[in-house]
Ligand code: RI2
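First comes one chain, alone, set out as structure tokens in the form predicted alone.
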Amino acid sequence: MPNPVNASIPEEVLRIADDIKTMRIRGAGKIARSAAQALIIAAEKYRGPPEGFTEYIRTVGVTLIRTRPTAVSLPNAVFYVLSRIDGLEGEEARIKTIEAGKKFIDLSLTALDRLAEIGSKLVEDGDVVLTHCHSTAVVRLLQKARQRGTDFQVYNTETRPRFQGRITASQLLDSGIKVTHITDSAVRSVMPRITKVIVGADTVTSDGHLVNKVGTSQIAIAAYEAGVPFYSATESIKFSPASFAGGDVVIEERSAEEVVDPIWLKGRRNVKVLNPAFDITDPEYIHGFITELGLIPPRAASLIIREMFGLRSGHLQLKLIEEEAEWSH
């Protein structure tokens, strides 16, 4: 299969794609908004025959998705737009692409504020909230609760091996929130002191499974055992259309050098280091997903995917993944 990248794609769009690929553009929201902006630019600068627009904009979408194929917010931005021009062609499709792209950007920019407003009401005076890793959504939610005058404190994990929990602790402390920083392995020991668990999300599947930083599933099980409500705060752009169509969630395996000194590892040939970035939490351990659309029960995740990305988006995403695999070989 030929590479879909071609000269008809505007240079500005290719530059955005490269910035996403090289991680000059980072963070789920920024990646998603940049992809939507690239589609807007591509539609505005299209000068080909009207009947060729849909194929052209799909090619642009493929180009963007291939930059970071495992970042769920990226294909979701593309499919939010593409699903709204399904069955259209020509000038109507071009105008709808621009409109859908602008609407997606607006929704993304306001999502965190709405999510924080909704989630902050779940935090009550006297609460002891446990969180894991670093999530902008969780930090914003807790900051909003503090601004509302709620008196609570936070326990947060250091989150080995990259210690993202230190970022969370610093941001919460700067906001005047009391923080107790703990080792990951101390979660079960401190759970009797916890009243709520609120974590972020990397991906939410259509059947309500949560994909998040490794260690999340253990925290959820410990919370369930202790009768502590477990929530995930996440924008709807992290709900996965591909899972709706039966796609598997691929867990990223990171370098062993994040865990052990490479010199130590080099001299021990029989040692294998497993360093998964994420794990999967079953929906029965999840009290609800805190989103900009409201508090969502895990089993209602498929409804969010239908509303946001359309019924065909998951099948389209899987098809592109299959095409990418064929092209790369």
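Treat the numbers as computed from the prediction; the structure is a model and nothing was measured. Here, rigid core means the biggest group of C-alpha atoms that superpose within 1.5 Å across both forms. The first residue of the shown sequence is 1; numbering continues from there.
Quick note: we don't show the form predicted together with this ligand, though the next part is all about it.
A.B. asks: In the model of the complex, which of the stretches 185-193, 212-220, 74-82, 144-152 has residues with heavy atoms within 4.5 Å of this ligand?
C.D. replies: Heavy atoms within 4.5 Å of this ligand in the model of the complex occur in 212-220.
A.B. asks: Name the single residue among 133, 129, 242, 172 that comes within 4.5 Å of this ligand in the model of the complex, judging by heavy atoms.
C.D. replies: Going through each option in turn, the one that passes is 133.
A.B. asks: Ok, 45, 26, 299, 58: which has a heavy atom sitting within 4.5 Å of this ligand in the model of the complex?
C.D. replies: Exactly one listed residue reaches within 4.5 Å, namely 26.
A.B. asks: Please determine whether residue 31 contacts this ligand in the model of the complex, using a 4.5 Å cut-off between heavy atoms.
C.D. replies: Yes, residue 31 sits close enough to this ligand in the model of the complex that at least one of its heavy atoms falls within 4.5 Å.
A.B. asks: Taking heavy atoms only, is residue 197 within 4.5 angstroms of this ligand in the model of the complex?
C.D. replies: Answer no; every heavy atom of residue 197 is more than 4.5 Å from this ligand in the model of the complex.
A.B. asks: Given that the partner is absent here, does residue 206 sit within 4.5 Å of this ligand in the model of the complex, heavy atoms only?
C.D. replies: So residue 206 does not count as contacting this ligand.
A.B. asks: Whether residue 289 contacts this ligand in the model of the complex should be assessed with a 4.5 Å heavy atom distance threshold; does it?
C.D. replies: No, residue 289 is distant from the partner.
A.B. asks: Residue by residue through 149-180, tell me which have a non-hydrogen atom within 4.5 angstroms of this ligand in the model of the complex.
C.D. replies: Residue within 4.5 Å: 164, and no other.
A.B. asks: Examine residue 288 after superposing the rigid core and state whether its CA is displaced by 2 Å or more between the shown form and the other one.
C.D. replies: False for residue 288: its C-alpha shift is below 2 Å.
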